[in-house]
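What follows is a single chain, given as structure tokens, in the form predicted on its own.
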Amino acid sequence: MSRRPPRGEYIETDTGNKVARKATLVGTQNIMLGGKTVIQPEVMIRGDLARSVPSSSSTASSSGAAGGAPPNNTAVAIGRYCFLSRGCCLRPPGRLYKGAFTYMPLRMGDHVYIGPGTVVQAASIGSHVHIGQRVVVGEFAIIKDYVRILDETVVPPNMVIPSFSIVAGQPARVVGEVPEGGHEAFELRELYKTVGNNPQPAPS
């Protein structure tokens, strides 16, 4: 019995993003992907939780977003070579602003790895950040560059995690620092190649 080959598990965009068909991206017009980002199955990105303040420049922004600042109605901005593992959830943080509840953008840098089952509601995540599995990152937390958050850590709201920190615990605290020369471990180019419709094996 011949079967047609199944459709690829991932949709690959012009900029090299690999988005699983079984991922849930709500409000895609408010989600910006920098390129070469992997979104695995069962990932949830809540782009519908955008700032409720009306913006008049939303039509002009889509073409010019790459050159200038992203438009105000971006809910989630993800950099290049990010890896969102199965079952993680990105939600923009929300708060009362001028008497109305509104959401603020969630911004991620490049080479950010988010482990399975992790929930992120940070205000910003720097570049070269590794977040383990089943981590909770509270609202408006700020994670700087070269940070490693160990599995099952709970980062409280509004916590600022300095660069080169290793963080663990419930609630999270800094337990160490990323060693000199340990920065290559944050590169996600090779991991990116192992996923998709034509995956390459990871280098041994």
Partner chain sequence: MAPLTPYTFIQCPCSDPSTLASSRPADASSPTSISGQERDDDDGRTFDPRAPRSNYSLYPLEYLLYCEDCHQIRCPRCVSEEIVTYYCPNCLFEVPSSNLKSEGNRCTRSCFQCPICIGPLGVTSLEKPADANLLAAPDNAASPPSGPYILICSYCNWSSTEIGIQFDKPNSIHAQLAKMRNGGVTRLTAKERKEKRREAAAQSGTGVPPTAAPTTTGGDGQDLDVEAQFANLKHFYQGQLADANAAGASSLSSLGDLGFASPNSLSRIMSIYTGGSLHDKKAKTRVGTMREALDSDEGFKLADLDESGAIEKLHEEGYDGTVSSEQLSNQPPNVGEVQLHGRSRFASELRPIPYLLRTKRSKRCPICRHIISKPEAKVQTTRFRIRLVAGSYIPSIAIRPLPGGGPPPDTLQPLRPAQFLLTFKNPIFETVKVTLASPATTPGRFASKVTVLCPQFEIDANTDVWDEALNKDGDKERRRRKGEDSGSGPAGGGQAEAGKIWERGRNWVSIVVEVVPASLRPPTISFGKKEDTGPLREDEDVLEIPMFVRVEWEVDAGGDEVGSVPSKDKDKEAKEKRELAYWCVLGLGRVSQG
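Numbering follows the first chain given and starts at 1. Quick caveat: nothing in here was measured; it's all calculated off a predicted structure.
Keep in mind that the form predicted together with its partner chain is not shown, yet the notes after this line are about it.
- Of the heavy atoms in Asp48, none are within 4.5 Å of its partner chain in the model of the complex.
- In the model of the complex, Met44 stays away from its partner chain, with no heavy atom inside 4.5 Å.
- Taking the partner from elsewhere, Pro157 is found to have a heavy atom lying within 4.5 Å of its partner chain in the model of the complex.
- Residue contact check for Phe140: none of its heavy atoms lie within 4.5 Å of its partner chain in the model of the complex.
- Heavy atoms of every residue among Lys144, Ile166 and Glu177 are located within 4.5 Å of its partner chain in the model of the complex.
- Interface residues of 83-120, taken as those with a heavy atom within 4.5 Å of its partner chain in the model of the complex (partner not displayed): Lys98, Gly99, in sequence order.
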